[in-house]
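Below sits a lone chain in structure tokens, taken as the form predicted alone.
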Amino acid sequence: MDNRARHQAILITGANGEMGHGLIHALAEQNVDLVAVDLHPLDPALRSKVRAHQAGDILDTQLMQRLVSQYEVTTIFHLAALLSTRAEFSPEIAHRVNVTGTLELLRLAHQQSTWSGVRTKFIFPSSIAAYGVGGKKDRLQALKEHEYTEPTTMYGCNKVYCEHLGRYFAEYYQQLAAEPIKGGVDFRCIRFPGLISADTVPSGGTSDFGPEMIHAAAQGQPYACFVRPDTTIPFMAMPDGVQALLDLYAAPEEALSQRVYNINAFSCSAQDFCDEVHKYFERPQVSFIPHLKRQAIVDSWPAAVNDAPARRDWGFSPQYDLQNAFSDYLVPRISARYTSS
């Protein structure tokens, strides 16, 4: 294949999600060519910021091969996924989307690197759902990346397996071939905590009890929280999550000591969220009615994670804690959303 006929580009899957929005805006400022793929047509507000966009399924191999025949993909941000709660109801579909889709994209990344002779970056968002913590005492420890990775959900199993797939493609795939393989896959993974967004409505994720509470209060609607008040997990404001992806992407490969990195901004309970909501909204109506299945899922996740390697290797440093996430990001933007509607 004549690589001179193809433009170098960064491929972003799941581009219509909020992380995709933030990523596209930030990368467009770096004057790089972006190719966006999502199941649905790309948000019109983003179309001027990408070189090409395609509505389609990442499992559509003809679509993906057509894209790489046109563009030399140097980096893949693989954001597309079937999320935790939905994955429990459709485990077969979750496996196809989350695992088979990732495997096909890893193969595509390797194919691209073989053509170019340069390692293709593959940036993969994982999740604290990768953990499975047996008891309350263990939940309170700040867990490292290799500890308690025996998840209790399909989504968590998918994420752990894809982390290993990435490591395999980065370090072992075709290394026993008769001819040395040039290039390869530079797999980099962030294990995200619960992400809190001001710009999109929560979509039913298992960590969405915090964002759902805020959006309900901003609309003057009652909210029945589906976990106990004491339920505590790590969280992060969405802008910090997007910046973390960009920082990991920009880091030199030789600076990275591992393939998978925990990150965390703050750990807080559902009651902590409720207390913050009461500071900013008049008489919010919050009740706690735990949903047994969803509560069990959250209870299998750690209350905190150890993110020292990310801070050391590529300078991870979140800007938002719980208090300024509310005062400077969540409350102003969510309130404006419903005031203007």
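Model, not experiment: these values are computed from the prediction. In this text, residue numbers run from 1 along the sequence as written.
Not on display, but discussed next: the form predicted together with a small molecule.
At a distance of at most 4.5 angstroms from the small molecule in the model of the complex, none of the three residues 9, 75 and 112 contributes a non-hydrogen atom. Among the residues 162, 128, 265, 217, the one placing a heavy atom within 4.5 Å of the small molecule in the model of the complex is 128. This chain lacks the partner; the member of 120, 207, 102, 158 within 4.5 angstroms of the small molecule in the model of the complex by a non-hydrogen atom is 207. Proximity of residue 197 to the small molecule in the model of the complex: non-hydrogen atoms within 4.5 Å are absent; the residue sits far from the partner. Contact check for residue 79: every heavy atom lies farther than 4.5 Å from the small molecule in the model of the complex.
In the model of the complex, the small molecule sits beyond 4.5 Å of every heavy atom of residue 273.
Residue contact with the small molecule in the model of the complex: residue 83 places a heavy atom within 4.5 Å of it.
Heavy atoms within 4.5 Å of the small molecule in the model of the complex are found in exactly one of 238-246, 83-91, 257-265, 217-225, that being 83-91.
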